[in-house]
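Before any questions on binding or motion, here is one chain by itself as structure tokens, the form predicted alone.
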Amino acid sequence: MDPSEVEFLAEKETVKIIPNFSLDKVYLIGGDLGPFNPGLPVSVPVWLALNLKQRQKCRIVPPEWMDADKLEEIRELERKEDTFTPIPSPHYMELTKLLLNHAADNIPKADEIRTLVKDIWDTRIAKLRLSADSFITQQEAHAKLDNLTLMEINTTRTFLLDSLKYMYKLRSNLQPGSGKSQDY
């Protein structure tokens, strides 16, 4: 799975919009949306919110977690803890990117939020790299990936899979009685 596929999955998350048009309920395969009334908030998937925003048909209400104070708390907690802390959205990075790229005018303190989310991402990726290094150097056989998002796992997937494959090959060559052992 590449980052664009993870972003596609993130677009299915819902956000609130405040439409400036009227429309009865819309019946889609993924579920019913609406009704849309001017000035009344309604929850829609991110893909629809962005489409309506680009056509100037709505204002996007940022998710509750997309607040500078809340993100500051998350960043500080993430820096203090050795393990990965729970994140308020499984697609926080992708949603931040999408919403700030297409609806920054609807999000208060957009630049500060962008910086805070980037700091959280950098902290978590650094932890992930340290965990992967520890995992490999201690020759572990399995790992627990609690509180990681799909995008975070996706960024280290290739490295971890290749590392595990080579570790397996090395271990299978060094097992006694395998007949493949080589002395150097």
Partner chain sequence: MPCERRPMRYGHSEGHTDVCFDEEGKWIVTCGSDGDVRIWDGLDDDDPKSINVGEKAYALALHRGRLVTAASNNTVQIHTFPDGDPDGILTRFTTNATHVAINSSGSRVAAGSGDFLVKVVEVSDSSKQKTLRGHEAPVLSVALDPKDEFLASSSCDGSVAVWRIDEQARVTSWNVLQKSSDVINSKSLCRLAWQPSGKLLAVPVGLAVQLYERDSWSHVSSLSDDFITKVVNVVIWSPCGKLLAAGSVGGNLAVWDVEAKLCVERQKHEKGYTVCGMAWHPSGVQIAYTDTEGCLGLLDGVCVSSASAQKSLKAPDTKAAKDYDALFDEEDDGLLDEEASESHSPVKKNADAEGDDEDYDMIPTTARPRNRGSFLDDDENSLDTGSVNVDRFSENNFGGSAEPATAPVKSRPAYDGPVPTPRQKAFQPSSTPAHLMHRFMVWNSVGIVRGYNDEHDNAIDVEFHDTAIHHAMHLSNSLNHTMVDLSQEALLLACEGTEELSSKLQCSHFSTWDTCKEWTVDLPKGEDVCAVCLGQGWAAAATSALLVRLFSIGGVQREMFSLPGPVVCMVGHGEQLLIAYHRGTGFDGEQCLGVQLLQFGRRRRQVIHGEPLPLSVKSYLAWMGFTAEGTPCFVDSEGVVRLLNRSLGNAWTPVCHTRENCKSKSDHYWVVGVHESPQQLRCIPCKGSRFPPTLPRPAVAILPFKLPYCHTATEKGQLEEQYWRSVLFHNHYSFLSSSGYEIDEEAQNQASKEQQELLMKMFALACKMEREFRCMELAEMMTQSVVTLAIRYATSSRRMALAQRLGQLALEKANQLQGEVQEQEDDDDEENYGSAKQNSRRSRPSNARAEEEYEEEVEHEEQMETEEPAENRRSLLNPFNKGSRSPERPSPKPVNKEDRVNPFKVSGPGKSSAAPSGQPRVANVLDTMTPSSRKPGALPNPLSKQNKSPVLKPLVPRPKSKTQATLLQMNAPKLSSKKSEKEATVEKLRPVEVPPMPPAQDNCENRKPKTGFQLWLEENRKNILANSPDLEETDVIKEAMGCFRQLSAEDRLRWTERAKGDAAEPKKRKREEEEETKEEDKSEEHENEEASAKKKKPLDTSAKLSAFAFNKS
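Numbering follows the first chain given and starts at 1. Because the structure is predicted, anything quoted here is derived from the model rather than measured.
Although it is not shown, the form predicted in complex with its partner chain is what the next lines describe.
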{"query": "Partner-facing stretch of 66-74, 116-124, 130-138, 40-48, counted where any non-hydrogen atom is within 4.5 angstroms of its partner chain in the model of the complex", "finding": "40-48"}
{"query": "Option touching its partner chain, based on a heavy atom within 4.5 Å in the model of the complex, out of Thr14, Ser163, Asn20, Asn173", "finding": "Asn20"}
{"query": "Distance check, Arg59 to its partner chain in the model of the complex, heavy atom within 4.5 Å", "finding": "yes"}
